[in-house]
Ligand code: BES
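In the block that follows, a single chain appears as C-alpha cells, in the form predicted alone.
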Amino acid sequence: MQISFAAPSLDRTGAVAVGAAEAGLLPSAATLDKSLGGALGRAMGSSRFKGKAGQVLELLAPSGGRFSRVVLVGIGRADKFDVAAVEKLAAAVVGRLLTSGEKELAFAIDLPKGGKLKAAQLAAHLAMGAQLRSYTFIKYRTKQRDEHEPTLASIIIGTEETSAARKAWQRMQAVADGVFLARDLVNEPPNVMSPQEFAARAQGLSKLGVKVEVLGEDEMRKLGMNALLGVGQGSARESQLVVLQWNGGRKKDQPVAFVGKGVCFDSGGLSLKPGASMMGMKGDMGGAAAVTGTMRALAARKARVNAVGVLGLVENMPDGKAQRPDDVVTSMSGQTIEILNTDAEGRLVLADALWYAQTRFKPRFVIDLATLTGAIMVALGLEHAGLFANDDKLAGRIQEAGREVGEPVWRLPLADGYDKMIKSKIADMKNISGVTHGGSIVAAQFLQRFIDKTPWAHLDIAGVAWQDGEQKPLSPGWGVGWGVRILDRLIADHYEA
C-alpha cells in the first residue's frame, strides 16, 4: 500500500475520512458538511453516532461533492486522543474500506482543541495504524480470492507538517515492515515453515546488513546443546540455531541480545497434546518471529546500536527417536535436566539459546520472548504479556515501552519458593513442577537458572502472539507480530548511541 503526505485538501476523489469529537464535528468535517448541504449532520441526527472513540459513520456517494464516500470517525475526548487512539482510528477506517472496492483514501483528521499531539505525530501515527491494518495473508486462497483481495491501494494523509511527518514515518515504516515479517512467519503453515525454512528466511536479512549465521545439529552437538537438541530429535526435520547480528553502534559497545523460542510445530512430543490443543501450534515460534522482525526493523532504520538475535528453531514431534519422559539431558551450561513432560519443551530450547547468547556475546542485557505457557493466559488473558525479570531497571523500561506502543506487559514475581518446585531427585532440576498452579512463574524460574549475572527479562507472549477474532484492532490476521514494536521502542528510548 502506498502512503503519502500532502497539504490538507477536501478537493479529492475516492474516499475521505473526517473526524468528530464528542463536542461536535472537527473543522474539516464541518467544512465538508457545509459543502454537502448538511449531509453529515443529518446522518448523525438519524443515527447513534456521538463522536465517541471507535464510532464510525459511512456515507456512500453523497451529492454535492466529488468523494465516492465519506467516513466520519469519532475521536472521543480530546484529552484522551493519544497516539494509540490515532492508530486505532486509522485502523478502523482502513479495515472498513480495505476490500470495499475503494482504491484511494484521504485522511482529513484535525487536531482537536485541548489535545496534546502535534500535527506530524498525528499524521505519522495515522499512517502506522493504516499500514498495520492493511496486512493480509491470502497466498493460499484459490477460491473466492477476489472477496479477500485488497482494493485500497493509496492513502493520502493531510497535514500541515508534511516534511516532519515523512521523516517520522520513514522510521515507523521500518518497524511496520518488521511486524509484517513476524506475522508472515507465524501465519505460514507448518508443512512450509520448518526450522530450515525459517532459517532461510532469516538469511534474507543479510540484504539489510545483518550478519546471519546458521548452526546445524552437528555444530550444536559440539557446543553441548543437548536440551535444545533433545526437543527436536523426534522430528525428521533438522533443528537449527540462527544467530543475527546488527552492528549499528560503536565497536566498543556491548550488544543487546534477544532470544526467541522457535518451535515451528509443537505436537507435545511423546506427551502428546489433545487434537484441539494441537491446532494453532504452528504459532509456537512466535517468539523467534518477533526477534527476527525486530532485527529487521533495527537494520532497516539503521539503529545506532549493536544487537544480537538468537533463534532456537526446532519441531517437537513424536517418533521412535523422540525424547521420553524420565530422560535426563545435559544442557550447554553443564546443568542436568530431568524431562518429566516433553510438552514443556520451549524452556529446554531457551535454556541452551540463552546460555549461548550470554557466553558468546556478553550482552548488556538479554530478553527472551516465548509462547511459553498456557498458564499465562489464565493469569492475564489475551491483553498483556507476562514479564519476569531479575533487573528492576530493565523491567521498568520494558513496561514503559509497552505502554507507548500498545503492547502492554504485566510483571509477575520470581522467588525461591517457586524455584524449589523444580527441584529434581536425580538431576539438577526437572522441567515441570508436577503441580497445576504457578505454571508461568515456574517456567520463568527454570529459565532463570540459565542466566548468569546478565540483566535479563522473560516475556511470555502465549496470550498475545496470535488472535482468532478481531480483539486487536491493528492486527487483522491470525499472527499479531507482537514484540517487534515494544523491543524497537525500548532500544530507541534507552540504548541507541
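All residue numbers are counted from 1 along the displayed sequence. Owing to the predicted nature of the structure, the values given are computational and were not obtained by experimental measurement.
From this point on, the text means the form predicted together with this ligand, which you will not see here.
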Of 228, 372, 264, 89, the one that lies within 4.5 Å of this ligand in the model of the complex (heavy atoms): 372
Of 148, 103, 273, 362, which residue is found within 4.5 angstroms of this ligand in the model of the complex when only non-hydrogen atoms are counted? 273
Which among 161-169, 340-348, 410-418, 248-256 is in contact with this ligand in the model of the complex, heavy atoms within 4.5 angstroms? 340-348
Even though this ligand is not shown here, does residue 284 get within 4.5 Å of it in the model of the complex, heavy atoms only? yes
Mark residue 200 yes when one of its heavy atoms lies within 4.5 Å of a heavy atom of this ligand in the model of the complex, and no otherwise. no
Since only the chain is shown here, I'm wondering whether residue 466 would be in contact with this ligand in the model of the complex (any heavy atom pair within 4.5 Å). yes
In the model of the complex, is there a heavy atom of this ligand that lies within 4.5 Å of any heavy atom of residue 153, even though the partner is absent here? no
Non-hydrogen atoms within 4.5 angstroms of this ligand in the model of the complex: do 377, 432 and 462 all have one? yes
